[in-house]
Ligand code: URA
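Shown next as structure tokens: one chain only, the form predicted alone.
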Amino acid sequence: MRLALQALAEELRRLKTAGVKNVAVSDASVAELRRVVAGRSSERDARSEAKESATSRPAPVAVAPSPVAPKAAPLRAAAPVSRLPEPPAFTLPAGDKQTRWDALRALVQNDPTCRANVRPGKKVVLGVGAVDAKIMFVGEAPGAEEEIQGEPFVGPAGQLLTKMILGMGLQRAEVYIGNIMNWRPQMPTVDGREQVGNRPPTEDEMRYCLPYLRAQVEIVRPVLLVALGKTALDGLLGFGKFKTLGEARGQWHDFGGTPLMVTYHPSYILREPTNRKKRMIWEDLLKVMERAALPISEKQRGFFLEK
């Protein structure tokens, strides 16, 4: 449980750095946290009571034993992430883009490290979309829905990303969407239950998966990349280079010779869907549309302007 709480604390610190002030939590998650905290509090109270009894000298009396809080269900440990091998080295076969992408997909899906970090019944995830896309969106890692379907950005944040793409005058199938990570970073779980919540991938985890992302960029050869969120920014441009996403967003950077725009992750809007936040991301996407030579109407230029 200590590892799970540490992972939760790290995620909250990351969100705070990105400017997030409110986080939506499901009723089930709140109930589970309350149960765990209540159990730990009861155990501490019992230990404190026992210590007082051992050091004090009360008159001998018959005392009924204190009720013992029921033990929480044992945690199933996450797969180890600190002993990853060196990043994979590989050469894709010659051929057209689709042929090379198919070969890359086979490599990723059969990668023993990727498979070892995926829970039973879940899937390794590779990017999807047009291999001739002008624009490639890059997130950090699959979530609960993504590891089930084996496709990036299919959950609530992905649905919002699809709406953003439609607002740009494109279909989802016309762009390419990927993640740095090919598996969902694991957290300790209560035995017999699904993982609740997500944690950002470690530097080692992202370093291992980056060759596969670079291969996707090499195959697609997009006009530009869009990094979604602080973790994607760190993975693409270097850990520690930027303290906050705000330092890098809305500006053009370079990833291996490909122009890179940095903006907020769609989940940033889901937590607080204000026009101000929507406009911040939309202004970044307007720059993307201009760089990609997409037509921009006056209506599009005015999206999410506060009245």
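Predicted, not measured: the structure shown is a model, and the values here were computed from it. Residues carry their position along the shown sequence, with the first being 1.
There is another form of this protein, the form predicted together with the named molecule, and it is not shown here; the text below is about that form.
> Give a yes or no for residue 152: in the predicted bound form, does one of its heavy atoms lie within 4.5 Å of a heavy atom belonging to the named molecule?
So residue 152 counts as contacting the named molecule.
> Using a 4.5 Å heavy atom cut-off, state whether residue 205 contacts the named molecule in the predicted bound form.
Residue 205 lies outside the contact set for the named molecule.
> With heavy atoms only and a cut-off of 4.5 Å, decide whether residue 146 touches the named molecule in the predicted bound form.
Yes, residue 146 lies within 4.5 Å of the named molecule in the predicted bound form.
> Find out whether any non-hydrogen atom of residue 222 is located within 4.5 angstroms of the named molecule in the predicted bound form, and reply yes or no.
Contact with the named molecule, no.
> Quick one: find which of 136 to 144, 106 to 114, 233 to 241, 83 to 91 has residues within 4.5 Å of the named molecule in the predicted bound form by heavy atom distance.
That would be stretch 136 to 144.
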